[in-house]
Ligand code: HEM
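Encoded as structure tokens, the following chain is the form predicted alone, with no partner shown.
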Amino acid sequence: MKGNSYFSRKLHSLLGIIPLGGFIVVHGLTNYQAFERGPEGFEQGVHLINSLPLIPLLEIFGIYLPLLFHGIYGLYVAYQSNSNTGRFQYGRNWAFTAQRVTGVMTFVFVFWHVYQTRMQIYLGNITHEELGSTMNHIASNPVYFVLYVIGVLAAVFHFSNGLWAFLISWGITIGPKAQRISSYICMGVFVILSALFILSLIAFSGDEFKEAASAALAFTNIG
């Protein structure tokens, strides 16, 4: 039983970085095109990803199944874990608790976001080209905007702090100095990815995407 638990924890840790961590980074860079290059740049980024060969299989086996295992097993770990923040008031114990709290938040947020975007494509309600307009409708809603910022920060913290723990548990950073340096690197990852996503949300709520959404709606009504 202990062997199975060890294997499950290792797999849970690995999937959180590969492929899910890679997905977060790619997602952040793609969304940032909305801020850097506007609606056309974002649409080109979306088109580039969706032009990859075997994209449905990549999504199923590279994102959805790993996400389900990582999320469900993570909820189990969070339920089984005891927080030490009441006994030991120092940073890593707070990070331990925050990792589990943000894990639950991220699990809920990601499925909500997938339902609002990717699932709507699968259902035929929107096209890939209309994702920018969809994000404009979401980001223009003040309540959704705040919830998205909270969800993004939770997801990025969970990944960044999980990366720090991954490096230790897999024997990559050994010793206090290596772990201290990796903590600075992971903190930088958190700041950079958070900035990418938040700037993207600001762009999605801006006039460029609002005009693009209005133009798309007018075109649909004419059709």
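Sequential numbering from 1, following the sequence displayed. No experiment lies behind these values; they were computed from the predicted model shown.
Only in words, not in the display: the form predicted together with this ligand, which the text now covers.
Site status: open, since this ligand, placed by superposing the C-alphas around its site in the predicted bound form, has no atom within 2.4 Å of backbone or C-beta atoms.
The partner is not drawn, yet in the predicted bound form one stretch among 49-57, 178-186, 62-70, 31-39 has residues with heavy atoms inside 4.5 Å of this ligand: 62-70. Interface membership of Ala165, defined by any non-hydrogen atom within 4.5 Å of this ligand in the predicted bound form, is confirmed.
This ligand in the predicted bound form comes within 4.5 Å of a heavy atom belonging to Ile24. Using a 4.5 angstroms limit between non-hydrogen atoms, Gln99 touches this ligand in the predicted bound form.
This ligand in the predicted bound form is approached by Val77, whose closest heavy atom lies within 4.5 angstroms of it. Not one of Gln44, Gly132 and Ser205 is positioned with any heavy atom within 4.5 Å of this ligand in the predicted bound form.
In the predicted bound form, this ligand lies beyond 4.5 angstroms of every heavy atom of every residue of 171-195.
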